[in-house]
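Take a look at this single chain, the form predicted on its own, given in structure tokens.
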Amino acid sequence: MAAPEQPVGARFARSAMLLSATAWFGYLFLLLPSFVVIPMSFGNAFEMVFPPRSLSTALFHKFFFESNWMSATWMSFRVAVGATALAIVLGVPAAYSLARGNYPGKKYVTMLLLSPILVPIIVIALGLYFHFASLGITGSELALIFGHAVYTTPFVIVTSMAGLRHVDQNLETAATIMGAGPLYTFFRVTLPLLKPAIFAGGLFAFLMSFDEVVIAYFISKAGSTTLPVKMFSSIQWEISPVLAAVSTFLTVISLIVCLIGAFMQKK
């Protein structure tokens, strides 16, 4: 005698539980390195072991006050702020053009503007190096800002385009009927409604620039590097326990930026 077939609802519930368990396993697998590094950052200042033999804040004190790590951190911050500002200035009008415009070749313009997401980062870094070398600005902070702006602008475009989908186009049409010009409508109607999406895109652009290592490694010079490049060099030539404190610092910064960005995007 054949076994009775399970109800559809029961099969759906079992599938949902299986998918949920798989997702949580994936999250835990991705977070496992943080669970190792964060306790190590509170260990001894002269060794990097897990689990730590003693708890202290000596590595953070060394990171903030007793080493040259902070100079690289401030450089990463300045470059990220400059690249984010440039990405917003370039990305928001581009997103508006792609979302609202209707012109020949729009599909190819979209592919061109979003190509830094698709092209391998090593290819972008090499191309930027040769281009900036021909201009004579390789190794400067300005070159880093330009290079990171190229890398982060597509993320601002994607976020702004997603925000524009939730902006009622009838409001722009009403402003036009009332006599407002295109620029006035954009700055006084569209842009205020788009602020949450712009803010979220700017946060993600800041985070992408602050954590980027490949472009910065190609463009920066030996005496002036960003924090990720200094971490990479430190791993190559010396294993400093301060790396654990720096990794925890970057993890906290990334978590804060992602939470704020998710909140603004939801808003």
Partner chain sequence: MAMVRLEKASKHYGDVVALREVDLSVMEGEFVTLLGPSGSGKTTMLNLIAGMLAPTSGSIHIAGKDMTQVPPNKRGLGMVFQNYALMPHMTIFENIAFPLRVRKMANDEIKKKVAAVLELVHLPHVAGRKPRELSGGQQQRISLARCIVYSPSIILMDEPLGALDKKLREQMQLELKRLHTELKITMLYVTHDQEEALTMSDRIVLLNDGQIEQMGPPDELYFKPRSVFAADFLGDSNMWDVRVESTGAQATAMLPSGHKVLAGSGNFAKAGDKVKAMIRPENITVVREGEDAGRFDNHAEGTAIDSIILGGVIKHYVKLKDDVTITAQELTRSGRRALTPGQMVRLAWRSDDTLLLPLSGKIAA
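Residue numbers count along the first chain shown, from 1. Quick caveat: nothing in here was measured; it's all calculated off a predicted structure.
The discussion below concerns the form predicted together with its partner chain, not included here.
Here is the short version: of Thr173, Ser115, Ser71, Ser140, the single residue with a heavy atom within 4.5 Å of its partner chain in the predicted bound form is Thr173. Put simply, of Val123, Ile177, Leu135, Met111 only one has a heavy atom within 4.5 Å of its partner chain in the predicted bound form, and it is Ile177. At the 4.5 Å threshold, heavy atoms of Leu164 stay clear of its partner chain in the predicted bound form, well away from it. Although the partner is absent here, Gly181 lies within 4.5 Å of its partner chain in the predicted bound form, judged by heavy atoms.
Looking at Val89, you'd find every heavy atom of it more than 4.5 angstroms from its partner chain in the predicted bound form.
Residue contact with its partner chain in the predicted bound form: Gly105 places no heavy atom within 4.5 Å of it. With its partner chain omitted here, the record of contacts in the predicted bound form names 185-193 of 76-84, 185-193, 89-97, 140-148, defined by a heavy atom within 4.5 Å.
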